[in-house]
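Just one chain is shown here, as structure tokens, and it is the form predicted alone.
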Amino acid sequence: MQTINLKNGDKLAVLGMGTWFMGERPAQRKEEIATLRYAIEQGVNLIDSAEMYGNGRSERLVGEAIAPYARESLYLISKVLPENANLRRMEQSCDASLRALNTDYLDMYLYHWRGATALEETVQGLEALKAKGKIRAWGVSNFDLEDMQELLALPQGKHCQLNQVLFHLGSRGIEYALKPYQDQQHIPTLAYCPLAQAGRLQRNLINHPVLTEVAQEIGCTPYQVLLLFVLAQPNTVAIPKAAQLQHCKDNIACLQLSLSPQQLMRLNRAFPAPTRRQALDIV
């Protein structure tokens, strides 16, 4: 599988698994676990969760799903809420995530979005967790350009490894300023909702004739075209959620597919990159 490099030397697969809203419906738990395990067995080892997702239910689901596998074969990400991203509460939140995931460390811990705590204090807390071995690296989520600039100006801010933001064919605002800046700083983009499951969508995105035509040409679904678009972007990791086994198989199948330059050009014409600065799209 194609990978990208983090500044700390880690290699991330370009396709991972999101888990937002997973673990919240008991009737679906068995299939959700089977889906996660199928992906792991196909080599998709990056799993993204957060303490916010179902108040820990997503993390507990992931913890159960990964139990049969060697911990070192996985790349686990979780996130701390803004109200817990301070020196008084961060370690407690991290410990709760570790218990839910049934692991003694996280590969990556993200600051979910900015809150009232001074950014320098949050960074101090993240560095303390790294020094204790509870996390191997840290990053941020839902940070816009000015947030990233402020972060990287801090003494330890350059230890930030990635920024997780909403990005898909119908929501391309980050391409104007944020992503070019991150690329310049060697900070990958972790794209959540790459299948346009959420956020500000263009009307009739999934039924757009160009999307449908490209899907027919490739022999895939329009949702797979959306994922292929994100996978075609440099320095980017896509983390679609798949709670059903067939959806997971469809996502993984995209690793064997690609958009031609001409197809990518048509998609860019139908859904053009921004020509001016836009507010960061957050869900």
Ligand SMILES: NC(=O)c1ccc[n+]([C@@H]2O[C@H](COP(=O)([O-])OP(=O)(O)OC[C@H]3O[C@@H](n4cnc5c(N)ncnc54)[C@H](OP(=O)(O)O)[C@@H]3O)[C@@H](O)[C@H]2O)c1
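Sequential numbering from 1, following the sequence displayed. As the structure is a computational prediction, the values presented were derived from the model and not from experiment.
Keep in mind that the form predicted in complex with the ligand is missing from the display, and what follows is about it.
Engineer: Give a yes or no for Gly23: in the predicted bound form, does one of its heavy atoms lie within 4.5 Å of a heavy atom belonging to the ligand?
Structural biologist: Heavy-atom contact with the ligand at 4.5 Å: absent for Gly23.
Engineer: In the predicted bound form, does Ala196 have a heavy atom within 4.5 Å of the ligand?
Structural biologist: Contact check for Ala196: yes, within 4.5 Å of the ligand in the predicted bound form.
Engineer: With the cut-off set at 4.5 Å between non-hydrogen atoms, does Gln244 touch the ligand in the predicted bound form?
Structural biologist: Yes.
Engineer: With a cut-off of 4.5 Å between heavy atoms, is Glu64 one of the residues that contacts the ligand in the predicted bound form?
Structural biologist: No - in the predicted bound form, heavy atoms of Glu64 and the ligand never come within 4.5 Å of each other.
Engineer: Judged by heavy atoms and a 4.5 Å cut-off, are Lys79, Pro240 and Asn251 together in contact with the ligand in the predicted bound form?
Structural biologist: Checked in the predicted bound form: all three residues contact the ligand.
Engineer: In terms of non-hydrogen atoms within 4.5 angstroms, which of the given stretches 45 to 53, 65 to 73, 228 to 236, 210 to 218 touches the ligand in the predicted bound form?
Structural biologist: One stretch meets the cut-off, namely 45 to 53.
Engineer: Can you pick the one in Asn142, Ser93, Thr117, Gln161 that has a heavy atom within 4.5 Å of the ligand in the predicted bound form?
Structural biologist: The option sitting close enough to the partner is Asn142.
Engineer: Exactly one residue in Val283, Met1, Leu280, Ile4 has a non-hydrogen atom within 4.5 Å of the ligand in the predicted bound form; which is it?
Structural biologist: So the residue touching the ligand in the predicted bound form, by this definition, is Val283.
Engineer: Scan 216 to 232 and write down, in order along the chain, each residue with a heavy atom lying within 4.5 Å of the ligand in the predicted bound form.
Structural biologist: The stretch touches the partner through Tyr223 alone.
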